[in-house]
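Below, in structure tokens: the form predicted on its own, a single chain.
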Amino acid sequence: MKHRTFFWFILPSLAAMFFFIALPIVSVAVQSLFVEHEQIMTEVENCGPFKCETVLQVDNEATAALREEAPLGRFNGLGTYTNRKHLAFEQVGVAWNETETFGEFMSELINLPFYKALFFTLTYTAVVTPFVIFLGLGVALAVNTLPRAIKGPTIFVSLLPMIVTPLIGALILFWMVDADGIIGATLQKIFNDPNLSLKASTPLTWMMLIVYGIWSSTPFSFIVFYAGLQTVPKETLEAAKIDGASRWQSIRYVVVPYMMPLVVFITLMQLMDNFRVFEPIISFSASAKATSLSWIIFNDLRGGDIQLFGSAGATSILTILGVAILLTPVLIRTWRDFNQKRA
């Protein structure tokens, strides 16, 4: 394709990426350098029946005028990134100097808001992503061997978690594990403990969130792998069978290598999706026991007149950097495989 033709061909995509991806990221990065204006206080004299006293009162007109004059807020530079709510350099340094063991240091670190959310986000991503890949491939292999008569209904049932809205799906599981729900009530009877609650324990809450993540994401992995299985060369599978390969050996040495591009694709998608986990935390009302980076952004923005745009912007940029770091090894491997194929 000629360079001029290629330029006009790719221009719409480049324009969309510039206006809907690049510009918002730049806008968020700029906003993260500012903090909200402090309210302007004025002294007002209040007189009662016996005496007059001077009190401080918010000057709403002056505060509104200041916000209108500088809508971005007060310039703070990288101060938002280093404060206690984010990277907390000062608090991390104090914890490092005052703790004697690495375990004590990590305990102090996890008590900081950003690191607490980062720890859950990384745990959720590290557990859910491989489970989704392995379960999706396993379900796809199983469905692919079913008779044609029941294959269609099985595929439909397998895709139900992906059809349900994430927020609704999380709420359904939340009600099921409640003390009056089918799962919660069953566990109470099994362990003969009427006070047993999956919501009362931090580890159990994390487990519920992870189970929901696997349940809701596996259908996507399954349908991609199932579509890929339809393109596996039958001649290669038949040749492996003639050579005496078992079903497991055919899957390991023929199917899995052929599906590796799809594994990379699903890994990239899952890493990005899982790192921004948000809906289950809201649905499970689990913010007291588990928070994520996306939840911190939501918490900063849900206020009325005290929306912390600078704080939310800083967390957003740190989240983008985290996703980039997670994707780097996968992208490097993809680039190497591409160069090897070209060679």
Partner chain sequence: MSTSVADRRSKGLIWFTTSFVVLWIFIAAGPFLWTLWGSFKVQPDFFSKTDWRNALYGVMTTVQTGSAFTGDGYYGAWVEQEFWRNTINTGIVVFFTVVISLTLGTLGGYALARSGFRYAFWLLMAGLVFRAMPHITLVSGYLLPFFEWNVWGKLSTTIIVLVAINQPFTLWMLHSFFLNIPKDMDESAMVDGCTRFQAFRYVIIPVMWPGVITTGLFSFLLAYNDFAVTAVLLSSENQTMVPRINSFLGTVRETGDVMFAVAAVVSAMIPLFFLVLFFQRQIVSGLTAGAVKG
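Here the structure is a predicted model, which is why all the values come from computation and not from measurement. Numbering follows the first chain given and starts at 1. Under this definition, the rigid core comprises the largest set of C-alpha atoms superposing within 1.5 Å between the forms.
One more form of this protein, predicted together with its partner chain, exists but is not displayed; see below.
Of the candidate stretches 91-99, 75-83, 111-119, 242-250, only 242-250 has residues with heavy atoms within 4.5 Å of its partner chain in the model of the complex. Among residues of the shown chain, residue 174 is one whose heavy atoms approach its partner chain to within 4.5 Å in the model of the complex. For residue 145, a non-hydrogen atom is located within 4.5 Å of its partner chain in the model of the complex, even though that partner is not displayed.
Using a 4.5 Å cutoff between non-hydrogen atoms, residue 130 does not count as a contact of its partner chain in the model of the complex. For the chain shown alone, residue 107 is not a contact residue for its partner chain in the model of the complex, no non-hydrogen atom being within 4.5 angstroms. Note on the partner interface in the model of the complex: the residue among 254, 207, 264, 223 having a heavy atom within 4.5 angstroms of its partner chain is 223. Residues from 186-223 that approach its partner chain in the model of the complex with a non-hydrogen atom closer than or equal to 4.5 Å are 186, 188, 189, 215, 218, 219, 220, 223, in the order they occur in the chain. Comparing the forms between the shown form and the other one on their rigid core, the Cα displacement of residue 203 stays under 2 Å.
In the core-superposed comparison between the shown form and the other one, the C-alpha atom of residue 73 has shifted by at least 2 angstroms.
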